[in-house]
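Consider the single chain below, provided in C-alpha cells and representing the form predicted on its own.
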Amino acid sequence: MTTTSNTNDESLRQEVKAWLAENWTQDISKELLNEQIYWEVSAARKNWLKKVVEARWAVPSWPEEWHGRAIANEQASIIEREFAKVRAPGAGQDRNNLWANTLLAQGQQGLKEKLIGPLLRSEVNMCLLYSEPGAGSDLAGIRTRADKQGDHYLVNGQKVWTSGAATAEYGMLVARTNWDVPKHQGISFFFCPMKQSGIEVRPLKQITNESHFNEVFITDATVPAENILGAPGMGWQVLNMALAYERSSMGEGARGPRSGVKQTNKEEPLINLAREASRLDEPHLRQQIAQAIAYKKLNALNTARAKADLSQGTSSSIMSLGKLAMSRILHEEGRLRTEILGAESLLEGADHPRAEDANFLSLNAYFTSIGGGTDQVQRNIIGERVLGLPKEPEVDKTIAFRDVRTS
C-alpha cells in the first residue's frame, strides 16, 4: 500500500489513474455496467469491490486500520472523481456507505472488526428496521422493545416498509429500551441478526408490481449486547447520523428505468426521448426539459456542498434539502416522459419499453417521496433546522414514554 497522507494532489491523481488503467479492464467495465440486478450484488461486483478495498480507494479518508489512507476529504474527492471518469464503482464509500459509516462511528470494536470489511465489499446484505405501523412520520414514537437479558437483548415488535429484508443478514434496528424517559431518550440502536426464528418477513406488493418492501414481525428475537451502536438509550443520535447518510444517497440519485434497454449515447435522457419522439423542436417542451436539467445541476451542487460539510460520524440537516429536491426532480421527470410520449404512455410491457420506463419512473418516484422520511418531514427539518423557523408543538416531548396517550 502507498501511504498518501502526505502526498500532493497531482501525485495522488496520477496514482489513482495508473491503478485504474491497470485494473479497470474493458471486460470488467462491460460486465458491471450491463448488470440488470436490483437489491442484489453480483459476484463480479463483489470481486471488483474487493480489489478497490484492498487498494484502499474505497474509504481513503478513514484511518489506515479501517482500510483507509488517512487523507483529507478534499484529496478523497480526487479519488472519487477519477473513478467517476471511467464509471468505476467502489470509491466514495467514506461518504455514502450508510452501513459502514454508521458502524465505524458508533460500533463496538468487535463488531467493527467483524463487519466493516464485508460491508465495504458488499458481502453482507443489510436492511433498515426503523418505521412502524403506529409511528409513521414520528420515528421517536416507536414501540418495538428491546429488553436486556444478560449478554443479549430480547426484541419484540413490528417494522414495515423494510427494503431488502428477505435477503438481509443484519438489520439496523431502533427499539425502545427505556419507557420511563421522554420518547427521544429511551431508544437504542442495534445491528440485529435477521436469520433467526424470531424474525418473520412478509413481502408487500408495491404500486410498481414489485415486492422489495416488507413487513417484519419480531418475536423474542435475540441481539447480542455487543451489537448495540452508541450507548443504551442514545439511539436517537445514532439514528439521525444514519439518516443523514441515507438522505445523502437518496439526494444524489435514484433507481433508473427497468426495461433493460440501454441508451446508446451519453445525452440527457429527456433530450434523447424528445428527439426519438420527434418533439425536441417544441418550445414548451424544450423549456420544461431545460428546467428539469437545471434542477438536477443545482441539486448536485447542493449535495456536494452538504457532503463537504459532513464529517465522519456526524449528521447534516442540509441533506434533507437534497433528498426533497431529488423527490421533486423524479416526479417532474416522470411527468415529462409521459407528456413527451403522449398516447404512447398508455402502453406497457416489454414490447413498449419507452412507455414501460415512463410509467415505472412515475410510480417509483413515490419511493423517494416516502423512504428515508417523507417530503413533509424533510420540509419540517429544513424549516426548523436550516431556516430557523419555530418548531411544531410536541405535547409528548417531555413526558415519560409509558405515559404517552395512544389512540
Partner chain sequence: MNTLSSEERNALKDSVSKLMSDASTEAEVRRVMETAQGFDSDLWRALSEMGVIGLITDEKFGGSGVGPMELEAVMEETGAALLCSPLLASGVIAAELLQALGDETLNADLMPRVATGETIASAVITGDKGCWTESGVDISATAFEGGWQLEGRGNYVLHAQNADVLIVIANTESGLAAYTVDPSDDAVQIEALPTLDRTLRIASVRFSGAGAKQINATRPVWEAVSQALNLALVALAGEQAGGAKKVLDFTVEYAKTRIQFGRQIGSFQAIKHMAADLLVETESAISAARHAASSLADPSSHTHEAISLAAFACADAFVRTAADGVQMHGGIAFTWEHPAHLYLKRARANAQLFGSSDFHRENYLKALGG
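Positions refer to the first chain, counted from 1. Because the structure is predicted, anything quoted here is derived from the model rather than measured.
Below, we turn to the form predicted together with the partner chain, even though it does not appear here.
Among 161, 170, 153, 245, the residue placing a heavy atom within 4.5 Å of the partner chain in the predicted bound form is 161.
Contact annotation: of the candidates 54, 375, 31, 64, the single residue with a non-hydrogen atom within 4.5 angstroms of the partner chain in the predicted bound form is 375.
Remark: of stretches 137 to 145, 171 to 179, 95 to 103, 223 to 231, the one touching the partner chain in the predicted bound form is 137 to 145 (heavy atom within 4.5 Å). Highlighted residues 284, 369 and 392: every one comes within 4.5 Å of the partner chain in the predicted bound form, counting any heavy atom.
Interface membership of residue 317, defined by any non-hydrogen atom within 4.5 Å of the partner chain in the predicted bound form, is ruled out. A residue is said to contact a partner when one of its heavy atoms sits within 4.5 Å of a partner heavy atom; residue 206 meets this definition for the partner chain in the predicted bound form.
At the 4.5 Å threshold, heavy atoms of residue 347 reach the partner chain in the predicted bound form.
The closest non-hydrogen atom of residue 121 lies beyond 4.5 Å of the partner chain in the predicted bound form. Contacts between 326 to 340 and the partner chain, taken as any heavy atom within 4.5 Å in the predicted bound form, involve 338, 339.
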